[in-house]
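First comes one chain, alone, set out as structure tokens in the form predicted on its own.
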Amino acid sequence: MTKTDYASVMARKGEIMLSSLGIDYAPFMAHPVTFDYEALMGLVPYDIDEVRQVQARAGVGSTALIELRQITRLARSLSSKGKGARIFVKDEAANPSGSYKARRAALSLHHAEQAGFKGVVTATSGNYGAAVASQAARRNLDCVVVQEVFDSHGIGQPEILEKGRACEIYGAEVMQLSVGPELFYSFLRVLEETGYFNASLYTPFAIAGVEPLGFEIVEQMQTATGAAPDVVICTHAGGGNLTGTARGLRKAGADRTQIIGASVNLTGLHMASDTDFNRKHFTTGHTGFGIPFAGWPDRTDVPRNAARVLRYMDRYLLLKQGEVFYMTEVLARLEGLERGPAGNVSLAAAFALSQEMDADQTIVVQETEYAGAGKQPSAQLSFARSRGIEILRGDSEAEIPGQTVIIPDGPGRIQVRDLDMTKLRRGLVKKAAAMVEDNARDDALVQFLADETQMSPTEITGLL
């Protein structure tokens, strides 16, 4: 009889993952650090036109690109003469399930269907669960969503509960768990017991599914302005959003477009801590995921992560919680668009960055998401207040995660705050160095780390 205790299940995770993915990672596992990334992405047997066709048949993609003229005007009113880049947004809320993650789910579930799987499983507390459930419904596949929802007191955040309801309406079975190691253990057990496909966020299929988003941005911006955008800003958490968008931009020829990540700064809160879990008020797009996944991508439910942001990210901007709540209302009041919090992280970054850029330059915020009741600022702020968080108006720079949420008292409070990318890149090299013996630090390792971090081989050699 197969043992189902924690230690036994975790010991079988390699074989469980292999059977549930339909992808052979063995050729990429010979070295503890290096592997052929483009060969991993090459496991997707479709070019970008074929991916777009798969998505079109699933009702996904070809979303509108909207110029935010009123928000651009507001940014220019705060800028020095000649500054204030034009801001556009890709309205991904128009996808089935209401977010860009329908793109990832559409290609992944197409692969699962072609491989003969009868159902799919995903572990997520976010929009991806709803995307997988929606696409599973279109294909008549069973769907199980394993969702991290509660602290040890059984209290769940409004946004996470909202997303659970979205999964259920598409017919998924939702397993709601408390924060901690129980999530991955339960996920493995479901995969093993059902024999279903692991619809991971981090497979090559999930990343390739986002590439058409970047490609569409270039096509639409060339129509709207005659050129690719100067900047594309992606809300960054696990990394698939930015990685896939960047790859799509490059495939469309936008080699000079600057790719910027944006996250809510939740420094000081630990995402796996029972006490901290409900003291944050963003469930995605924050530094609790963004920094660890950028600094070491292979901390996922797959042997090698296809989302590798430091290969593509030119700059990383941090926002305060209150600033994103503020921009959510600005988008609604000035542009008539009610959208959820994830995309508004990068919108807040774009608003501040616009004021530094020339007026003839352009910024694209590459996603929006749907706005259900649990995603509203009012729901999150009421929840924060009930947890003892102080809600204030004033200087958002003074906000302390887990203690205060400060709504700016004016749009001029929203700032550009750069994370030290050099430190992040060096941290990745340091982790890699700790995994290999000195005599194994060869040219192949140096070149891999140079590709991973956008640093030169000389810099990598010096760090090693």
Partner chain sequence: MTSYAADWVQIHKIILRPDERPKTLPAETRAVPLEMRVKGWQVTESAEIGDQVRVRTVLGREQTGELIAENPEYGHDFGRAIPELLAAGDELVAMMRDMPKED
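Positions refer to the first chain, counted from 1. No experiment lies behind these values; they were computed from the predicted model shown.
The following text describes the form predicted together with its partner chain, which does not appear among the structures shown.
Q: Decide yes or no: are Thr124, Thr267 and Arg279 jointly within 4.5 Å of its partner chain in the predicted complex, with each residue judged by its heavy atoms?
A: Looking in the predicted complex, the three residues Thr124, Thr267 and Arg279 all stay beyond 4.5 Å of its partner chain (heavy atoms).
Q: Of the residues Gly340, Gly238, Pro158, Pro204, which one places a heavy atom within 4.5 Å of its partner chain in the predicted complex?
A: Spelling it out, the residue with a heavy atom inside the cut-off is Pro158.
Q: Which one, Tyr326, Phe289, Phe88, Phe117, lies within 4.5 Å of its partner chain in the predicted complex by heavy atoms?
A: By the 4.5 Å criterion, the partner-contacting residue is Tyr326.
Q: Taking heavy atoms only, is Gly253 within 4.5 angstroms of its partner chain in the predicted complex?
A: Contact check for Gly253: no, nothing within 4.5 Å of its partner chain in the predicted complex.
Q: Taking heavy atoms and a 4.5 Å cut-off, does Asp142 contact its partner chain in the predicted complex?
A: Yes, Asp142 sits close enough to its partner chain in the predicted complex that at least one of its heavy atoms falls within 4.5 Å.
Q: Does Ile391 reach its partner chain in the predicted complex if we count a contact as any heavy atom within 4.5 Å?
A: Judged by the heavy-atom cut-off of 4.5 Å, Ile391 is in contact with its partner chain in the predicted complex.
Q: State yes or no: in the predicted complex, is some non-hydrogen atom of Thr275 no more than 4.5 angstroms from a non-hydrogen atom of its partner chain?
A: Although its partner chain is absent here, Thr275 would touch it in the predicted complex, with heavy atoms inside 4.5 Å.
Q: Within 4.5 Å of its partner chain in the predicted complex, counting heavy atoms only, one of 296-304, 374-382, 245-253, 360-368 shows up; tell me which.
A: Only one stretch passes the 4.5 Å heavy-atom test: 374-382.
Q: Give, in sequence order, every residue of 152-176 that has a heavy atom within 4.5 Å of its partner chain in the predicted complex, or say none if there are no such residues.
A: Sequence-ordered list: Ser152, Gly154, Pro158, Leu161, Glu162, Arg165, Glu168, Gly171, Ala172, Glu173, Val174, Met175, Gln176.
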